[in-house]
Structure formats: structure tokens, C-alpha cells
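Alright, here's a single protein chain in two forms, structure 1 and structure 2, each given by itself as C-alpha cells.
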Structure 1
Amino acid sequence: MDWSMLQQYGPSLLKGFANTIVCWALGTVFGMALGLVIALIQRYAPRWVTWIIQVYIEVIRGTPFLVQLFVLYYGGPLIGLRLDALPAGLLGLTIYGSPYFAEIFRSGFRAVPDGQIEAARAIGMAEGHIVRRILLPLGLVSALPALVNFSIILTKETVILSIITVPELLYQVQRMSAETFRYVEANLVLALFFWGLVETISRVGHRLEARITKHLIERT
């Protein structure tokens, strides 16, 4: 195995890794925010609205991310939506992740004891305050492990963005492989980068879960 090529391709690999982190971070944040909105709509909106939301969830969960990305990037111009590769990739990750995050939040909200919600309503607490002070904090504790797990899954979905020429890590690795014909070293570098990213996210998630749980215990 020849690792000397890393001296030549190291900067481009690091740039690709940075782009991967940016795509993952923004796609996760936007997807989680959209998923939270969807979960709250499912909980409080009229039945016909929740039916529309459920159709959206089933369609996105039932189709591959690659197909969604092709439709968005190549089919978008047909309806006047022209996006560069990077914005299209971020929008694609947001749309793809939002139904999964919505279902995770919904399950977290259902784990909140009904007695606490009813007690808050009994003392005259407004619905917005119930969501902010009871539903979100308690639901987040239950949902956090699943949120972290799906965030890890999204890191590996970023490699699909290379199909629409987003210069993330896989894109740079493929370019290095094509120019040097050193496929083993290139893909091993790819695996090591993603392993390090996944381990970092996992450890941060565990610490965040412990801190949130400790904070809630102290409040009670």
C-alpha cells in the first residue's frame, strides 16, 4: 500500500471532508427543524391537514434518497426550480430527513405522561407554554437516542451527493482513485474519515443525553 499520494491529495480530501461535515450538519439541523414542525402539526392540526402530512411522510420514506435527489436537481428546472449542486444537496437532505425526524419527535411526544399535560391545562397553562415547558423537554429526552442514531445515518447519506457533483469526501476520493488507480488506499481513507465522524457524533450524543437528563432531574 502506497500512502505517499496523501501528500498530494491531502488538501483536497480535507476540503471534501469539510464539505461533508457542512452538508451533514446543515441537512441535519434543517431536517430536524422541519421534522419538529411536522410533528407539532400532526399533534395539533385538523385531521385533513394531518392526512396531507402523512401522505408526505409516506412518499418520502417510501422512495430512495437517490431518486429524490435526481428529481430535485434534474427535474426542478422543469418547474422553474434551478439550484446549484450544493443547495440542491442540502435541500434534498432536509426533505429526506424531515419525515424520519418527525416520527421520532412524535414518538417522543407520546412518551410524555398524559397526566402532566392534563395537570398543566388544569392550572390554566396556555398550549404554547405546555409545548415549550413540558412537551419539548420531556419528549426530547425520550427522542434523543433515536435523533442521534438517525443523524449518524444521515452522515452516510451525504456520499450520494457526489452523484450531482457536490464536492464532498466521496467525490474527492473518486477523483483521487481515478487519477492514481489506488482504490484500496482511497476507500480506506474514506472509511476512516466516516468512522471518526460517526464516533464523534455518538460520543457527543451520549454526553448531551446525560446533561439533559441531569438538568431535568435538578429541575424536578
Structure 2
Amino acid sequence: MDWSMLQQYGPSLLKGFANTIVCWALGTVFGMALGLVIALIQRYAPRWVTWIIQVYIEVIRGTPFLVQLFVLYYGGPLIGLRLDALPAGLLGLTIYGSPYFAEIFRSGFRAVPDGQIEAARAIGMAEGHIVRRILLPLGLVSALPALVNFSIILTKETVILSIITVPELLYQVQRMSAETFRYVEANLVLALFFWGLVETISRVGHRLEARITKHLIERT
């Protein structure tokens, strides 16, 4: 491994890494938000609306992420949607994750015992309050492990953004290896880097989730 190469490309690799983190973080947050909205709509909306949502979910889950990105980034301009690579990637990641997050939230909601919702209805609480004070807090606690798991999966999906020229880590590594002809080392190191990253996030994520769960259940 040629370390001088790292020195030369260090800044651009760091920039790539920063972009990966940004895309992952924002994609996860927005994806979760959209997923939550979808889950709530599925719970409260009339039949025909949930039908449309179901179609959306099936389409997003049934097609490859890469093809979705192509439709957004390359096909978008044809209907007036002109986005730069990074915003397109972010939008793509958000949309891609939303049905998975929605399903996770739905499971979380289902795990809240009906009785606790009934008790709230029995004292005349409005549905909005029931969602805010009972359904969401308790549903979130149930959903936390799955939310953490899926956001870890999303970290790996960010590399696909490189194909639509989002300057994240893989993109920078590809550029570096194209200029130095060190394809194998570069990608191997990247592989090891991702392995370490995912393992670390996994462990930290699960530890954090245990603490948040404890905190949410016993707020003393």
C-alpha cells in the first residue's frame, strides 16, 4: 500500500466520507419522517388513500435502488425535476427508505396494547392527543431495534449513490484508483473500512438503543 497516495488524496477521501455521513444521516432522518407520516396515514386515512400508499410501497420495495436513482436523476429533468447529484441522491435515499420505515412504525404501533388506547378514548381524549402522548412514545420504543437495524443497512446503500456521481466515499475512491491505477488496494481498503464502520455503528447503535429504551420507559 502506497501511503503517499493517502496523503495526496486524503482531503478528497475525507470529503467523500463527510458526504457519505451527510447523505446517510439526512437520508435516515427524512426517510424516517416520511415513513412515520405514511404509517400514520395508513392508520387513519380512508380506504382509497391507503390503497395508493400500498401501491407506492410495493413499487419502491419491488424495484432496485439504483433504478430509482436513475429515474430521479436522469429521468427527472424530462418532467422538470432538475436536481444536482447530491440532492437527487438524498431524495432517492429518503424515498427508498420510507416504505421500510413505515412498515417498522406500523409494527411498533401494533405492539401498543389496544387497552391503553381504549383507556385514553374512555376518558374522552382526542385522537390527536392519543397519537402524540400514547401511540407514538410507546410505538417508538417497540420500533427502536428495527429502526436502528435498518439505518445500518442504509449506510451500505449510500455507496450506490456514487453511480449517479454523488461525491461520496466510493466515488472518491474510484477517482483515486483511476488516477493511480491502484484499483485493487483502494477498493480492498474501502471494503475493510466499511466493514469496520458497519460493525462499529452496529455495536454503538445497539448500545444506544438499549439506553434510549430504558430512558423512554422509565422517565424518572
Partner chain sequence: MFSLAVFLQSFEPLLWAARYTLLISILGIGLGLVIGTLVCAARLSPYPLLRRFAAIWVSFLRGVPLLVQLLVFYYALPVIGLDVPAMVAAVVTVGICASAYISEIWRGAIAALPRGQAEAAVAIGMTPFDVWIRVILPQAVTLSLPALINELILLVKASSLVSVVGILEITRASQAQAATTFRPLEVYIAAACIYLVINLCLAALGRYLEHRTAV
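A quick note: this is a predicted structure, and the numbers were derived from the prediction, not measured. In this text, the rigid core denotes the largest set of C-alpha atoms whose superposition between the two forms falls within 1.5 Å. Residues are numbered by position in structure 1's sequence, first residue being 1.
- Structures 1 and 2, same chain in two forms; the form predicted together with the partner chain is found in structure 2.
- Annotated hinge between the two structures: 186, selected from 135, 35, 186, 154 as the site between the two rigid parts.
- A rotation of 29 degrees carries the smaller rigid part relative to the larger between the two structures, according to C-alpha superpositions.
- Superposing the two forms on their core, we find that the Cα atom of residue 197 is displaced by 3.7 Å between the two structures.
- Here the two forms are laid over each other by their core, and the C-alpha of residue 207 is off by 4.1 Å between the two structures.
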